[in-house]
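In structure tokens, the next block holds one chain alone, the form predicted on its own.
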């Protein structure tokens, strides 16, 4: 089993959001596995400090995987040996990011143009890390749904689990995730499959499970809503947005300077208060705050 907590739910790697504070909260509410934000393999290779900062793990985290992105097997082979990566039990390879600044470098979902390269990257990570290796991909790119071919290439390379987001690169995050396409991948792979896309509640979770997937990944549905894991699993829970925000701030303060925490939390707070009465006023005050003390006072 890849997850713990007797949970088949996984927090997706979410750029700008799945930091240590968010992960701690998601674990508390029933996530079985959480991933870091995506981390540049090349950034690690060249010693980028901003890249290394994404690798902090909170003392409360029990089962966190690191997600790497890149396009060069040789660099992957090198960085997965680093101590900062070896501390993670699971390494995920990003083959699904649709953002232009990533795909224009041949990374993210652009890797789906070459199943052969997918094989080489997964094999490089598996052979040199000694870790559980997972892969996250989309349905396809350039108008071609070749997810089955890419999934088989990842499996052949040594992937221990494959996650499929039920959208193509061109769809970005719009439209509806294609669960039927995910089910077709499940029919041909031998390793565990994780389904991703539009899972926000127990109804969508059950619909995803009908595809036959072994695990279910939640992304946007968890932003500002860490309790979604308990909700989906039909487990009783108590949630207070004030306590969640203050805990989130506290956990980030253990790793980052105040300015960084301020920048991160302003985005997170917009998610925490979304749909709440008076949310506009709260966001305006949060965005105008000039110190963590002031930011905390808004919620206290």
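Residue numbers count along the first chain shown, from 1. Everything numeric here is computed off the predicted structure, so don't read it as measured data.
What comes next is about the form predicted in complex with a small molecule, which is not displayed.
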{"query": "4.5 Å heavy atom contact with the small molecule in the model of the complex for all of 45, 80 and 129", "finding": "no"}
{"query": "The small molecule contact in the model of the complex: residue 178, any heavy atom under 4.5 Å", "finding": "no"}
{"query": "The small molecule contact in the model of the complex: residue 218, any heavy atom under 4.5 Å", "finding": "yes"}
{"query": "Exercise: residue 14 in contact with the small molecule in the model of the complex, heavy atom 4.5 Å", "finding": "yes"}
{"query": "Distance check, residue 169 to the small molecule in the model of the complex, heavy atom within 4.5 Å", "finding": "no"}
{"query": "Residue (of 245, 38, 34, 232) lying close to the small molecule in the model of the complex, criterion heavy atoms within 4.5 Å", "finding": "38"}
{"query": "One stretch from 288-296, 6-14, 275-283, 21-29 that, in the model of the complex, holds residues within 4.5 Å of the small molecule by heavy atom", "finding": "6-14"}
